[in-house]
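Have a look below at one chain only, the form predicted on its own, in structure tokens format.
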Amino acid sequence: MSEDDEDQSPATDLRSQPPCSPNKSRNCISSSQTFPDHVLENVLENVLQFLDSRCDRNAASLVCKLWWKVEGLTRSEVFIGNCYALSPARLTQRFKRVRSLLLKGKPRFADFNLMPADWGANFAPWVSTMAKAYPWLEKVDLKRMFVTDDDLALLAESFPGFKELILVCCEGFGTSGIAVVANKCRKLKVLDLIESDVTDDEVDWVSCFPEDVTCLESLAFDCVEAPINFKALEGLVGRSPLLRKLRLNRFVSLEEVHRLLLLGAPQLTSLGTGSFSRGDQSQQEPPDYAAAFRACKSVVCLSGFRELMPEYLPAILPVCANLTSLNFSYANISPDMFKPIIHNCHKLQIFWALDSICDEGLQAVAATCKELRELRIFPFDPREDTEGPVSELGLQAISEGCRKLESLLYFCQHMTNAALIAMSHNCPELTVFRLCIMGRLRPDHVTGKAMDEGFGAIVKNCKKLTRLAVSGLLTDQAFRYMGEYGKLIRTLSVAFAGDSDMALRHVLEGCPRLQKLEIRDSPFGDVALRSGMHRYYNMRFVWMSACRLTMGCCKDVARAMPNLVVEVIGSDDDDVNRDYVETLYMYRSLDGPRKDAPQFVTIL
């Protein structure tokens, strides 16, 4: 259930030389004639070290060659939104003092099994290059990358001061690799494994942490589908006085959570409960779980609740008044179980849940959570032919009661234009709006009309919108609205929508900030693809699967745009001579096509 965080800044400037206008060049030259170069560099270094924003740093690097050089010497944090947009060698040549790297691999549609597992996004070349160039590296944050145990071992051995490892939706590694990191990274502060596929190597990785006091501030392993050594975990928590975030997996029972809370509760601010059921049923009287939560005076973020036993849910009531974030996305909770909890969460700003809370539960959220900024409702049963428990009634209640809402992800089976129009007026601060009507091509279930006017109202009235996902029955008119009003949209996701190529043309010609375009199962063909050729160099990627593209058109685009990598993704048994393109993935790259493409990927 993870999602991409919307990147609000341009991509890192990694070009070999900055584009410098004649006027800027003259200014730089005249300045350097007045002061020696090393003096200017020293001054700039002292100034640029205070720039934290990626956007500001990218702008500074474009002033002139001197600024470009000094900015490269002073940047300590680098974000790369596509691991194939450049080579690791270019990174180390451009930036000499990097301490933190955030690197993304596969596009988001990989989460929906739309990309073969062995497509690529390997971490190996990055860690091997950085091991030589950045021995002082402290942080690595990876998303949708293929990471092996050997990669983790090299990381642990190469960076003696390493402090933070965050792996989101990654695969390829197991508990053996995690054990090496825990054992060798003696200054480790953060080890967060989030929705990653971790192999159970039957290794007791928790016991590998240092036996003395640790530096741990955050430990998240709720995605690890393997039993753990609870005695070792208990000892680890006890000797980690700085621990603020702890997210447990489902193999940690409620009794064990109770013991951990009594041990380390005072300093915790974020807790993932793991399993919310009793492990040892032999005791006639269960512990006082509410007392343990009552000791958690600092907890503001609560998640977990796997394998929930509803009779124990009231135990969290003592912490509800302070919660700003509550995640029930793994808990099948009925409205009757949910309402007594949510009525105590007046400070809540982030709320995730399954649709089992029904419209009735959403109405309770709307009545209580006036400070809500982010809402995500996931389907308990994702099949298209089911009768969903949430609808336009719950959405309209949220729009009326939670008027500070900024981000929405909402799965449902049917919707109305009226509910979307109401939301566009009631929640004008929305920056993210993702409505997923799971049944294909479903119209407004009250009027029978297309959902054009509802989505049109969203893009027209929510003037800060940067991310949009559309679904339901949509004609070209909805896309005309997007092109006319969606001037800040950076990410657009489309499924089963549109009438013709004109729909995509409206978007590509009308949305100047568009960076990421994801399309599946829509009637867009060659004309639509060609209409965006003036835009592709300025976009991070374009993904189109199960559309109406031909190989000939894709080859034409590749020939016309040599700095754009055009990948056609099929399967091992695809006919190489067929003209139909199953999946197209295009992205800009400073170093040309990648060298590790598997057999089912054709780079044009």
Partner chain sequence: MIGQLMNLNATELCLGLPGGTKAVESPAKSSVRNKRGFSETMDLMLNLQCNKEETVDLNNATASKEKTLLKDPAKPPAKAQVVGWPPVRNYRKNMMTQQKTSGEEEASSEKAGNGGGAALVKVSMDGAPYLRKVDLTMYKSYQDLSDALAKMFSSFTMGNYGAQGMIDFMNESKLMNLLNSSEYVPSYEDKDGDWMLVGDVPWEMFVQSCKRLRIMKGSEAIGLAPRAMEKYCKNRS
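Positions refer to the first chain, counted from 1. Everything quoted here is computed from the prediction, not taken from an experiment.
What comes next is about the form predicted in complex with the partner chain, which does not appear here.
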property: Output flag, Pro241, Leu268 and Cys345 jointly within 4.5 Å of the partner chain in the predicted complex, heavy atom basis; result: no
property: is_contact(Val43, the partner chain) in the predicted complex, heavy atom dist at most 4.5 Å; result: no
property: Partner contact for Glu484 in the predicted complex: the partner chain, 4.5 angstroms, heavy atom; result: no
property: The partner chain contact in the predicted complex: Asn229, any heavy atom under 4.5 Å; result: no
property: Partner contact for Asp385 in the predicted complex: the partner chain, 4.5 angstroms, heavy atom; result: yes
property: In the predicted complex, the residue from Arg306, Arg490, Arg480, Lys339 that sits within 4.5 Å of the partner chain by heavy atoms; result: Arg306
property: Option touching the partner chain, based on a heavy atom within 4.5 Å in the predicted complex, out of Glu202, Glu234, Glu400, Glu157; result: Glu202
property: Candidate stretches 505-513, 125-133, 430-438, 88-96, one within 4.5 Å of the partner chain in the predicted complex by heavy atom; result: 430-438
property: Interface residues of 171-198 toward the partner chain, as seen in the predicted complex [heavy atoms, 4.5 Å]; result: Ser176, Glu195, Asp197
